[in-house]
Ligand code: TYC
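Form predicted on its own, single chain, as structure tokens, below.
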Amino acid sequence: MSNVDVVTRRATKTKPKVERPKLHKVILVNDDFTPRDFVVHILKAEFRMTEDQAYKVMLTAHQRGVCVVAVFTKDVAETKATRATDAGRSKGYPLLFTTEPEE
């Protein structure tokens, strides 16, 4: 038997750094015309909140003027904000959800 030096090399893979997508806040803007019950209904339907969660978010927006509803990737945040706003508009309410980047 001959002495054979076996050299094993590890294949090194360089993974490209994947940056996390920037998150965006969905914000409920208070108005004096949209009924509270309707706002709660939209929060439950579009953002999958419980009755209690939705009521607290609605009340916070009512008292402070705005309230962060949830945080999503940009596309999801914009889609949900648009759908929730459109749901209010379809009933004739000035209900408004906006988005902004999270800091």
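Start at 1 with the first residue shown and count on from there. Note that the coordinates shown come from a computational prediction; the quantities given were computed from them, not determined experimentally.
The discussion below concerns the form predicted in complex with this ligand, not included here.
- Scanning H62, K74, K44, K56 against this ligand in the predicted complex with a 4.5 Å heavy atom cut-off leaves one residue, H62.
- This ligand in the predicted complex comes within 4.5 Å of a heavy atom belonging to R36.
- Contact between A84 and this ligand in the predicted complex is not found at the 4.5 Å heavy atom cutoff.
- Taking the partner from elsewhere, V29 is found to have a heavy atom lying within 4.5 Å of this ligand in the predicted complex.
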